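So this first bit is one chain, no partners, the form predicted alone, shown in structure tokens.
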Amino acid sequence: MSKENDVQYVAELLRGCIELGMREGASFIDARAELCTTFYVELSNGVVTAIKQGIERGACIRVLYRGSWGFSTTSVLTRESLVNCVRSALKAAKALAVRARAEHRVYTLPSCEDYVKASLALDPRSVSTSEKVRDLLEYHREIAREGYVKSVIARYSDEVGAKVYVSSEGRSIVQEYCYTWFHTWVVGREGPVVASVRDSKGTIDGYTLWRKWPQHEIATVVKERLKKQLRAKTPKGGTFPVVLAPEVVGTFVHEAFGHLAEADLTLSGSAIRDKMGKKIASELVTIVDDPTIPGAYGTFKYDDEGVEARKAFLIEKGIAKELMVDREYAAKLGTSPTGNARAESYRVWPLIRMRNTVLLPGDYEVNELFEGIEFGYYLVSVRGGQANLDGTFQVGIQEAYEIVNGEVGDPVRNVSISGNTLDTLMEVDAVAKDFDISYGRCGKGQTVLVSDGGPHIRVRRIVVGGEAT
């Protein structure tokens, strides 16, 4: 193994950069390096259309000088390149300091040394390309058997490696990681009706995806969902009671509320900017951003600023409690950091991002949520969602059913829900005991892997898109 692939050697080089920057007048410096391998394969209708394999090596240096930041990156992990990187970051910070109007501060932490190993049941790097392709083809065979299935796209990727973090406080952290991801998009047709369904799965413990969700199980769920969409009716438009399944709850919690509680967006004018400490939801609602959920995408010990990741209680029993922050916003708001600073790669500055954003379970049995609903909708799976800082949101649904006299009825298609986030949270009147999470990607200028979820919940009133009545 070359020295550039040895994380301890890279950490030593980064510590040298820290010492250099401090000697030249910086008040704070941190450095991040990443060393990983990547793999990606795509199938379109049973044909391999792309295979990509790569090695990522690089580092970034962040310098605080007289209240101004400087940032520089390099893809070469040598002493000379890293010295040039720290000097470039210092030069940028010093240039900004001359004309800076605002002084940046950072929340400092005690010294810490740690090595966090990834616990892998099967390292994806030990699995051959042919085996990964064969496993994906097995999924295609399972789903393409039905005549109504007209198009299947399936993608698999994995990333395995380590992150190194060093700071001028004396923090030196190595954190191994592994992500695998599977995504499918299936289109079906019966007569004039065309429908599509998508699904995603992920793991953080190695090449275990097909053990946890065998190909035939994923294919069965997707085929059934597609068949129901093809034969479903159009929903009535209007305001109705709904029962939301965990996948829909997760998307709502992430898209409609989670972004409002990212401190940089909160202070930019989100709907909860002046709501901290106030009641903004039903007392049945507790929403947390939790980096400790086993097996979830946003589970890790340290964030990309070397901060110990802790659970952030965004809403506790209906009360807005805290925001997700990074080091700078923790200093600005006078709070402790939550470990929510995440970067897509070493090439970019870490931003305040969600990890695993979930609504915590309650005391109801799932079947109790349907009781008393004369007519409403059961929303099971999402097609996508979006939200605005003013609290308005819209979520597309790809699997839904009518609820008639307390019973789940006929499937409906082309459903969407919309409204105001805080109004909707106030309408939650039952939260079940169950719990599940989903796996996805979140974009905020950068893309990071996240999980979200929760239990089944009941909302008394929500706007459902469909035919006007």
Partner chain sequence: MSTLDGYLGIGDSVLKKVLERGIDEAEVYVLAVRSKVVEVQNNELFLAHESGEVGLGIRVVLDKRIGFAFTNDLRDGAVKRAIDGAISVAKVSAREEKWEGFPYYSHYPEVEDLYSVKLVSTELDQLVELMRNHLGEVLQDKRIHIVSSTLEVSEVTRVVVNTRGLNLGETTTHSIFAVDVVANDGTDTSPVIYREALSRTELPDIGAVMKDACEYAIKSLHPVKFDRYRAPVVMTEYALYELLKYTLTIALKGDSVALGRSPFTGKLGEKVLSEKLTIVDDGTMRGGISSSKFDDEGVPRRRTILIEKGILRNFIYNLYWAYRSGTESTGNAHRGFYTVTPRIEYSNLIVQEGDTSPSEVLEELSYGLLVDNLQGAHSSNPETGEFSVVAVPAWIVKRGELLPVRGIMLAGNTYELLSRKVMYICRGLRQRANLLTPWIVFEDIRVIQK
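This is a predicted model, so every value here is computed, not measured. Positions refer to the first chain, counted from 1.
Below, we refer to the form predicted together with its partner chain, which is not included among the displayed structures.
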Note to self: Checking a candidate spot here: are 49, 328 and 349 all in contact with its partner chain in the model of the complex (at least one heavy atom each within 4.5 Å)?
What the structure shows: yes
Notebook entry, point to check: Among 389, 333, 276, 112, which has at least one heavy atom within 4.5 Å of its partner chain in the model of the complex?
Noted result: 389
Next item on the list: State the residue from 264, 135, 199, 290 whose non-hydrogen atoms include one within 4.5 Å of its partner chain in the model of the complex.
Entry: 264
Note to self: To test your reading of this chain, name the stretch in 290 to 298, 204 to 212, 309 to 317, 151 to 159 whose heavy atoms come within 4.5 Å of its partner chain in the model of the complex.
What the structure shows: 151 to 159
Next item on the list: Using a 4.5 Å heavy atom cut-off, state whether residue 401 contacts its partner chain in the model of the complex.
Entry: no
Check: Any of the heavy atoms of residue 436 lying within 4.5 Å of its partner chain in the model of the complex?
Finding: no
Check: Would residue 405 count as touching its partner chain in the model of the complex under a 4.5 Å heavy atom rule?
Finding: no
Check: Does any heavy atom of residue 361 come within 4.5 Å of a heavy atom of its partner chain in the model of the complex?
Finding: no
Next item on the list: Scan 53 to 70 and note down the residues that get a heavy atom within 4.5 Å of its partner chain in the model of the complex; none is a fine answer too.
Entry: 53, 54, 55, 56, 57, 69, 70
